[in-house]
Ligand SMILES: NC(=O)c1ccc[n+]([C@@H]2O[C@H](COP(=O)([O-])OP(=O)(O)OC[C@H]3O[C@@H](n4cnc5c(N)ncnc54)[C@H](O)[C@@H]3O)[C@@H](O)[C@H]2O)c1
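Just the one chain here, the form predicted alone, laid out as structure tokens.
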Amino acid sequence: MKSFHNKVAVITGAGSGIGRALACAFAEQGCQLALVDVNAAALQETADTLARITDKRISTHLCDVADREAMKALPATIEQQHGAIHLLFNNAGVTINKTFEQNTEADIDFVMGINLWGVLYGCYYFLPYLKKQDEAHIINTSSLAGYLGMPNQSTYCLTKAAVKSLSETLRVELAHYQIGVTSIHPGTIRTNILRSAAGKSGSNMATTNKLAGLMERYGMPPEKLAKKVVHAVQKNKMQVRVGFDSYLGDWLKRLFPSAIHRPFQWGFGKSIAK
């Protein structure tokens, strides 16, 4: 997609972090924005930020992406307000920092509902609206965790690997309709995903908060990620890796598919031996 002028972009998880940065970046490219989030205050804050940098139409939509009926109804509402839908960012995501055994059924449902079913619902229900356009694009947020499994992140890694595979399949199936598909694979990005996870991490709360502090200190600003995504959509790239750790994780997994997990095993073993 060479030009974004007056294209309508739908962004889930737009209330903060990567979603807000994507909204700002594509607003600067001339897009109209349909912002989706479950947090009304955060959603309005993003809309207020955008109002200061663009005169394009902005709409806000309070929606839980894990809610099938809500997601089913959302595309028609957005099309009615904006007249079309050209870009879909399935970006909403959560994590919980627990071992697989420590996860409750509710924990699993929570992460799977947003990270996997939210993406599936987005792709499935928005696809008929994207097919109406001469060209369109789907951007799914995966992760470095989509390349390799990591301890205490079983459901997160599961969902992000699934998003990667889904994106690759859709890219082949939808090319005939002039719909591009890109998966984003961020490494450490300065967002609040781990702060949000702390309250659900049980006995790992202190560790989760420590990791969140490191992410906030050393993570890449989400605005840098957003610039890379603009370029990736323009060039119709299949994947965009963001951050040195994302590149490193991808290549190490390719070169040392088994050995790369030994440091994880060693570190996890030390943590549970304490």
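Nothing here was measured: the structure is a model prediction, and the numbers come from that model. Position 1 is the first residue in the sequence shown; the rest follow in order.
Heads up, the form predicted in complex with this ligand isn't pictured, but that's what we're talking about next.
Peer 1: Could you tell me which stretch in 96 to 104, 138 to 146, 171 to 179, 123 to 131 has residues with non-hydrogen atoms within 4.5 Å of this ligand in the predicted bound form?
Peer 2: Of the options given, it is 138 to 146.
Peer 1: Would E28 show up as a contact with this ligand in the predicted bound form if we use heavy atoms at 4.5 Å?
Peer 2: Output for E28 is no: heavy atoms all beyond 4.5 Å of this ligand.
Peer 1: Please determine whether L35 contacts this ligand in the predicted bound form, using a 4.5 Å cut-off between heavy atoms.
Peer 2: Looking in the predicted bound form, residue contacts with this ligand do not include L35, since no heavy atom lies within 4.5 Å.
Peer 1: Counting only non-hydrogen atoms and a 4.5 angstroms cut-off, does Q81 reach this ligand in the predicted bound form?
Peer 2: No - in the predicted bound form, heavy atoms of Q81 and this ligand never come within 4.5 Å of each other.
Peer 1: If we define contact as a non-hydrogen atom of the residue within 4.5 angstroms of the partner, is S196 a contact of this ligand in the predicted bound form?
Peer 2: Flag for S196 set to yes.
Peer 1: To verify the annotation, which of these, I189, L116, C157, L74, has a non-hydrogen atom within 4.5 Å of this ligand in the predicted bound form?
Peer 2: Answer to the contact question: I189.
Peer 1: In the predicted bound form, which residues of 17 to 31 put a heavy atom within 4.5 Å of this ligand?
Peer 2: G17, I18, G19, in sequence order.
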